[in-house]
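Presented as C-alpha cells, the chain that follows is alone, the form predicted alone.
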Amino acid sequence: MKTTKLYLGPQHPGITGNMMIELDVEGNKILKSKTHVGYLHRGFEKLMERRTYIQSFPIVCRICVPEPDVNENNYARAVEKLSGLEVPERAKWIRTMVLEMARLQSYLLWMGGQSGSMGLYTMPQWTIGDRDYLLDRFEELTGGRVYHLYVWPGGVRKDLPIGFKTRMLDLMDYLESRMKDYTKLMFENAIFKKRAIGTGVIPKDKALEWGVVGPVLRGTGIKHDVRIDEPYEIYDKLEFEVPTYEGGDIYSRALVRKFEFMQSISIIRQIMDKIPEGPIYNRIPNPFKWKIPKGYTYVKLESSRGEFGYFMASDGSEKLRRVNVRGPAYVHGISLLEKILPGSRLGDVSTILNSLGVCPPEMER
C-alpha cells in the first residue's frame, strides 16, 4: 500500500496550539510521527535574560496561555529563593488558591477540547461557558481574565476583594453540580469510551523512563504529585489525595483529571475556610536597580499538566544570567507523542494529543 505524508497544523482545529505534526500514513494507519514546533511564541528564556527581574515578569505568563499562573508562581518563587525574600503567610494561601483556580479552568478547557476532538461539540460549549465564571473571579481578583500578573516576588499584588469568599464558594457549589452533567455527556458516553479505552496507551514500565508526568503519568497507575511529594506554598496544610488509574490510555487520563477537578474544588473550599489574616506582600527593592545575589536554584510545582520547573541562575547583576523552563509539553508533545502515535488511526491523532496536555510555547520557549 502507498505511504502518504500528511501535515496536521499549525492551523488545524485538532491541534492544541500553533504546532505541526508530520505524519507518514498507510491508509488510515500511522507509520511515523514527527513534531514541528516554533509557530507560536518563541525564545522566552533569551528574552528574559536580556531584561531586569521585574521586566521579565510579564513575559512568563505567555509560556502557557491556558495556565499562566504556574509560570508566575515558579518565577516568583525562584527569585525569592535567590534573593532570600520572605513571603507572608496569607499570600501563600492566596497563591495556592490561584493555582487551584488555574487547574480548574485548565481542566474545563481540556474537557471541551478532548470531547470536541471526538465530535462531541456540546461539551466544549458547556465547559468553556462555565470556565468564563472562573475567569470572572480571576478578573475580580487580578484585573485580567487570561493574563493575571498577580503572583509577584514577595507575595501577591492585592488582597481578596470584599465578598470574594462568598462568590468563590458559590462558584465551587455550581461547578460541583455541573460534574453530574459532564459525566453523563462525556465520561459515561458510549462513543467516548469506545474511542478512549485502549487508545494512546503508555506502558507503565516505560512511563518514568520516557519522562511522563502529571495526569498522564498517574493514568498509568504511578502515584506522583509534586504537591504531595515536595510540598510548596501551603499544600502541606491541606487534605487531598493523588488519584491513579491503571489503563495508561486516554480514558484513564480522563478519569484522573475528573477526580482532580473535584479535588481542586475541595482544596479551594479548605482555603476559604482556613485562610489567615495578615499582609499579602513584602516590598522589594527598587525593581530597576535590584541586584540578586550570585547563585542558582530550581523550583517546581504541579500544574494541571504535570511537573513544571524553573532553573534560574544569577551573576549578581540586575539581569538574569540564565533561566530554563521545564514544562510537561516538551516531553509529552515531542518524544512521547512520536512514540505512541505509530500504529494508531489517523482519526485518533487529535484525541491522543489532547489527552497529553500539550502547550506548544513550552516546547519552543
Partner chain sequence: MDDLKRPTLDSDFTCDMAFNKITKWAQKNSLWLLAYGTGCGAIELSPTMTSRYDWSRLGIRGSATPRQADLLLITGYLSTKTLKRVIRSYEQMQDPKYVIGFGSCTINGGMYYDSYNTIKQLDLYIPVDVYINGCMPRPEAVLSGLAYLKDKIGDKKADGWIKYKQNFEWYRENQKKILKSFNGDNMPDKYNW
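Positions refer to the first chain, counted from 1. Quantities reported herein were computed from a predicted structural model and do not represent experimental measurements.
We do not show the form predicted together with its partner chain, though everything after this point is about it.
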In the predicted bound form, the residue from Tyr147, Phe164, Phe240, Tyr174 with a non-hydrogen atom within 4.5 Å of its partner chain is Tyr147
Quick one: of Asp181, Glu86, Asp136, Glu89, which gets a non-hydrogen atom within 4.5 angstroms of its partner chain in the predicted bound form? Asp136
Option from 265 to 273, 127 to 135, 243 to 251, 196 to 204 whose residues, in the predicted bound form, bring a heavy atom within 4.5 Å of its partner chain: 127 to 135
According to a 4.5 angstroms non-hydrogen atom cut-off, is Val65 in contact with its partner chain in the predicted bound form? yes
Is Ile59 part of the interface with its partner chain in the predicted bound form - any heavy atom within 4.5 Å? yes
Is it the case that Leu31, even though its partner is missing from this view, gets within 4.5 Å of its partner chain in the predicted bound form, heavy atoms only? no
Is Ile54 close to its partner chain in the predicted bound form, meaning a heavy atom pair under 4.5 Å apart or at it? no
Near its partner chain in the predicted bound form, with a heavy atom at 4.5 Å or closer, the residues from 10 to 40 are Pro10, Gln11, His12, Pro13, Asn18, Val37, Gly38, Tyr39, Leu40
